[in-house]
Ligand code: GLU
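A lone chain, given as structure tokens: the form predicted alone.
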Amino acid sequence: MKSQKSLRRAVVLLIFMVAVSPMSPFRAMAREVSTDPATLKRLVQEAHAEFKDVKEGKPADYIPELAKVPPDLFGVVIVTAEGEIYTAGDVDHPFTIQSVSKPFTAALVMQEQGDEAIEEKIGVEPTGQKFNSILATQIIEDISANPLVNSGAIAAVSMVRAKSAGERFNKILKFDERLAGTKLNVIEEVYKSEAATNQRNRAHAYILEAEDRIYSDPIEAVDVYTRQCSIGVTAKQLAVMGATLANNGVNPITQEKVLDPNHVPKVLALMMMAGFYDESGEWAYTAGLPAKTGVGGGIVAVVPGKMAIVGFSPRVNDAGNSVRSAKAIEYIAQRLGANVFGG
């Protein structure tokens, strides 16, 4: 049974790796995606205008401070692999990165230890469950499942090489700053609110510890993870982070090589398989782009080799995904023909 599961996992990852590799026929289609400035400017503005009045969803309230965020904030950004920026709406309003941080921390672990460390010590399977599901840790063989759900994300934080919690968080923050090309700060009010209500994440950490799937002190790892999720970004900064992935690990604004290009397809594979939590299959089916969401209202999607598309809106659905952001990104992706599978 385990060998069949490993084979199935390998086949799924191979399909996506082919889709995003430079020689892929799918990438050949992606190369036809327009980066015409007038087109991108128009599509960003159209997407914002089309969905700015959507009232579905509400700010996440299980973290009390997030419930206070004005629900009608809405921004849309494209940053190309050449560093061109196109914006509409509230793109300079800081919000907490939350779970959108997860693929970037996984990338940091890959940079330090190789991408095989993620598969061996965490896992890469989607769960089909909510992002904070305790049940998933009991029914998924790898326990931690993958680094884009809470259990795996806490494990990923614990894998960042450091001698203290402060050093571990500082490495994560500095890596994110290099991806964004600018200084970032923790939004302390959200951190305090989240730290006071993160009992479920502490439970995840103890479950990981019981199965030897966490690699630092469990409560320390939860606290660093909570700080990581409380890092403030704007939609524009998040789009630069995504565009660094689109540009094979090179920040298109600063031109710094932040991530080894060999790791980029692995990060994108994780985002495609689990970036939308239990709506990941639907997102792949309709939009066909690797993406990551967060309950702070941000979504970053990557068109490999071309651009990142970001939406920010605090109104999230029951899965924790920003409703207006998802609609705006899908609108742009469909009109660009950016689906990596050629749809």
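Just so it is clear, the model here is predicted, and its values are computed rather than measured. We number the residues from 1 along the sequence you see.
Absent from the display: the form predicted in complex with the named molecule. The rest refers to it.
Student: Select from the listed residues Cys229, Val267, Leu108, Ala246 the one whose heavy atoms reach within 4.5 Å of the named molecule in the predicted bound form.
Tutor: In short, Cys229.
Student: From the list Thr137, Asn150, Gln237, Ser158, which entry has a heavy atom within 4.5 Å of the named molecule in the predicted bound form?
Tutor: Contact check passes for Asn150.
Student: Given a 4.5 Å cut-off on heavy atoms, tell me which of 238-246, 207-215, 173-181, 98-106 is the interface stretch with the named molecule in the predicted bound form.
Tutor: Contact criterion met by 98-106 only.
Student: Answer yes or no: in the predicted bound form, does the named molecule come within 4.5 Å of a heavy atom in every one of Ala47, Phe74 and Phe312?
Tutor: No, the candidate spot makes no contact with the named molecule.
Student: Would Tyr285 count as touching the named molecule in the predicted bound form under a 4.5 Å heavy atom rule?
Tutor: No.
Student: Answer for Gly294 alone: is it within 4.5 Å of the named molecule in the predicted bound form, judged on heavy atom distances?
Tutor: Within the cut-off, so yes.
Student: Verify the contact flag for Thr127: yes if a non-hydrogen atom of it lies within 4.5 Å of a non-hydrogen atom of the named molecule in the predicted bound form, no if not.
Tutor: Thr127 lies outside the contact set for the named molecule.
Student: Under a 4.5 Å heavy atom criterion, is Tyr277 part of the interface with the named molecule in the predicted bound form?
Tutor: Tyr277: contacts the named molecule in the predicted bound form.
Student: If you look in the predicted bound form, which residues in 45-79 sit within 4.5 Å of the named molecule (heavy atoms)?
Tutor: Going through 45-79 in order - heavy atoms within 4.5 Å of the named molecule in the predicted bound form - the hits are Tyr62, Ile63.
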